[in-house]
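Just the one chain here, the form predicted on its own, laid out as structure tokens.
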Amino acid sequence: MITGIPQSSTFKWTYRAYITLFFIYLALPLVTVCAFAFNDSVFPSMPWDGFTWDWFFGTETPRIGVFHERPILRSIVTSGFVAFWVASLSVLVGTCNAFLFVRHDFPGKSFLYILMLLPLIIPGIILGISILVFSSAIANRLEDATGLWFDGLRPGLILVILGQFSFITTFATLVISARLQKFDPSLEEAALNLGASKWGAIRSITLPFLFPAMAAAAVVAVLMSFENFNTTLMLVGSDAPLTVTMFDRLKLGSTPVLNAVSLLLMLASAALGLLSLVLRR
């Protein structure tokens, strides 16, 4: 709604009702999942049979809680491991990309920038299949030539990390580049005039200025890594991250444990999202 244009009271109330219904539509499924995480029933559906903590702390079958479900806990650790490496690589490469695109002009810069943005518009499942086919072809050629087995090019955590890194680094680059464009280059020039080396000026002046954006990019990378499913599904091996583990559980039928996991993920995502906003400010 354009506030500068006079609007009738009917239009204003209609607009407010639309906004209210829209946010209810977005929040209602999440609220339902959170509610059924505490339902005293082995089925995640109505009717409401009472309040219970069993789906978080239960220890007896069939009420084993999420904190005692070893497969779930193992997959959370796996997702954390993947997210750590994806975030680290994305921030490192994203920072280098930011300096490349903001500070330098060279032939083919526009083409390279568009190439960097391509993973954002390619469907995740297509990206995963492409990486799997490409890495498998390289592995087959290397194994035929050397007789060695290249596990890193086969489905597994290394491919999952590389697959997620291939598109998450684009987000990190955009976040850090936006911050770098606000930097005053005269501060670096002043440091150079005072005897600092080029790397010393960047390390002591530019990188501290970029730190809020780098930290925010790391938080975003962790969130995107944890929730990624399409690309991960195509590249996963025997060690499945949380999203793939939950998908496998759903094929056998949903249980309130998955609702409990979803609630914990929502709380963690909200906390990290708030942290990202604070760091960017």
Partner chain sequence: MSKDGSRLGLILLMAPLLLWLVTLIILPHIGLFVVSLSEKVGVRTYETGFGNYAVFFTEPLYWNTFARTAYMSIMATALTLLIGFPVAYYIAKLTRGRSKTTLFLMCLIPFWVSELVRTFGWMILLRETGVLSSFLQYLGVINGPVEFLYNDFAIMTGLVYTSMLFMVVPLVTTLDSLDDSLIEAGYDLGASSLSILREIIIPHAMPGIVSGCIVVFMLSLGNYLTPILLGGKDSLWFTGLIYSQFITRFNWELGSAFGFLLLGLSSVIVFAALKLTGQSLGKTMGR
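Numbering follows the first chain given and starts at 1. Because the structure is a prediction, the values reported are computed rather than measured.
Not on display, but discussed next: the form predicted together with the partner chain.
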TODO: Report yes if any heavy atom of residue 32 sits within 4.5 Å of a heavy atom of the partner chain in the predicted bound form; otherwise report no.
DONE: yes
- [ ] Give a yes/no on whether residue 251 approaches the partner chain to within 4.5 Å in the predicted bound form, heavy atoms considered.
- [x] yes
Task: Any non-hydrogen atom of residue 234 within 4.5 angstroms of the partner chain in the predicted bound form - done: yes
- [ ] Tell me, yes or no, whether residue 38 is in contact with the partner chain in the predicted bound form, where a contact means a heavy atom of each within 4.5 Å.
- [x] no
TODO: Mind telling me which stretch in 97-105, 79-87, 182-190, 203-211 gets its heavy atoms within 4.5 Å of the partner chain in the predicted bound form?
DONE: 97-105
Task: Heavy atom within 4.5 Å of the partner chain in the predicted bound form - the one residue of 73, 129, 196, 142 that qualifies - done: 129
Open item on the list: Where, within 215-249, is there a heavy atom within 4.5 Å of the partner chain in the predicted bound form? Residue list please.
Closed with: 223, 227, 229, 230, 233, 234, 243, 246, 247
